[in-house]
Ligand code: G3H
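In the block that follows, a single chain appears as structure tokens, in the form predicted alone.
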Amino acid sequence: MKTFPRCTFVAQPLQSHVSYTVLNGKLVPWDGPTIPVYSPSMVESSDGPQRTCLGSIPRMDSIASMKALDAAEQAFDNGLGAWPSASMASRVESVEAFIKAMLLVREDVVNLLMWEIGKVRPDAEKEFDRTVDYLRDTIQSVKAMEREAIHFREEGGILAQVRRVPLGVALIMGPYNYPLNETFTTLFPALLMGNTVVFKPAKYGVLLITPLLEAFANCFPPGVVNIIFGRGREMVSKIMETGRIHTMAFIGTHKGASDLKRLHPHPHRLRAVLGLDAKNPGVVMDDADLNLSVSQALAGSLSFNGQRCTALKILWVQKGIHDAFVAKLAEGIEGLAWGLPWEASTKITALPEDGKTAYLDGLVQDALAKGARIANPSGGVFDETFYAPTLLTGVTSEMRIYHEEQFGPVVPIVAFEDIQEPIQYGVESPYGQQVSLFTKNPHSLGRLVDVFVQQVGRVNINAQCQRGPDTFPFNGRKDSAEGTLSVYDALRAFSIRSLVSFASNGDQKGLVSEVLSHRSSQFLSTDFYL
């Protein structure tokens, strides 16, 4: 039997007691109540295994969050503030300065990702580097957007210039599983389009913002980025109730998103970009390549312990291949090394969410009581913050694991005969992010594709579900998402098209030409951005 991973040495991480926040362009001290931050990785001590305290964050309240909102609103100033009216070149310069500062603290951020959320070093490094690449790609995309916008269009005797303008004050909230990447992929598009921001870091993975606080304060004008720490409902509810938030980016549960949106007094004025729950199925047909489908299912179900919205959350396996698939997948699961995030071979680590192991055990026990069985020898065991990867077979619709998004290392398999069974599951599911289809048969594949493109945002052929490349749309249907994200789509999500039009005659063309030549308008412009 494998042993649960423990630190048997003193390996203290970067201590991060956050005693200040970013408000109105300054690092503002915080001397109020705080919240301790613990690592999920257990450390052996004379009193038994203990969770390491990594530091603390301010427990800010609604008064502090209102100050952040006031600062962001003042900086936006109905679109006339220094940031929304700045040239795109100026905004890009600020973001490029931030990227330079960000690269200087790469190792600190990677270290905190490992200690606070249990992300293995290669994945933590990948998250950081991919985020930097995303920011750079976003800069290139916004430059291309600006080049398109310099042109005037003429229709029916009317000339017009159409450009994108910011929406206002943006509330940005990210998830704990990708607390850097998925937060910054909404935060920086919002900033580049001229919005000002109230930014609440993720509940877990919050300390990685610590090395970046000074860069946020120094790289952007006063009031453009304002950071609030603490418990979400204690701070966010109040500012949503004001109706002064114009756009919201939230990655979490559909219930949490609905609760927040209901607080806004004018929900039709609120632009929302939401990444929500998912129960992505994998469908494995009898004729699938066994080795390929197992390797993709293994990675798709258990990368970062299954704590990804794009993870494969339920596998439908046709009966002709079922037993061979289960045996090979169980073998692959048993080959995954349990360990600490900084150890080279580690694949499975501790879970950061409070109460997560008890929740997963509840799902497994419910399934076992209703006829499922555990198909891998080490499955079903847990201790403190660690839950062993568990392969469940014989799963049916009576079981919770069939319906609930486990967001952890439990892999349920449903055996089927008729292709209509997984199709019906996809149609009836309240979620609609992605699906993976494994088959060599073009006729079966064609039928499955045609069904699932109407149910989910992305169909993956003989491959695990995934977000990238970041130039591809990332969206979902039903309760899985609202809005579309990609390098280009995120810029559109945080802006709106506006146009200035005039009659195509000599007097009006002459007037606008004077505006252009004197550069008396930020909007009306033909300046070319290289």
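Numbering starts at 1 and follows the sequence shown. Note that the structure is a prediction, hence the values are computed from the model and not measured.
Just so you know, the form predicted together with the ligand exists too; it's not on screen, but the next bit is about it.
**Student:** Even though the ligand is not shown here, does Thr310 get within 4.5 Å of it in the model of the complex, heavy atoms only?
**Tutor:** Judged by the heavy-atom cut-off of 4.5 Å, Thr310 is in contact with the ligand in the model of the complex.
**Student:** Does Arg130 make contact with the ligand in the model of the complex, using a 4.5 Å heavy atom cut-off?
**Tutor:** Contact with the ligand, yes.
**Student:** Can any non-hydrogen atom of Thr390 be found within 4.5 angstroms of the ligand in the model of the complex?
**Tutor:** Thr390: no, not in contact with the ligand in the model of the complex.
**Student:** Considering non-hydrogen atoms and a 4.5 Å limit, does the ligand approach Gly468 in the model of the complex?
**Tutor:** So Gly468 counts as contacting the ligand.
**Student:** Looking in the model of the complex, is the ligand within 4.5 Å of a heavy atom from each of Asp277, Tyr425 and Ser429?
**Tutor:** No: none of Asp277, Tyr425 and Ser429 comes within 4.5 Å of the ligand in the model of the complex.
**Student:** Within 4.5 Å, heavy atoms only, one stretch in 261-269, 203-211, 99-107, 172-180 touches the ligand in the model of the complex. Which?
**Tutor:** After filtering at 4.5 Å, what remains is 172-180.
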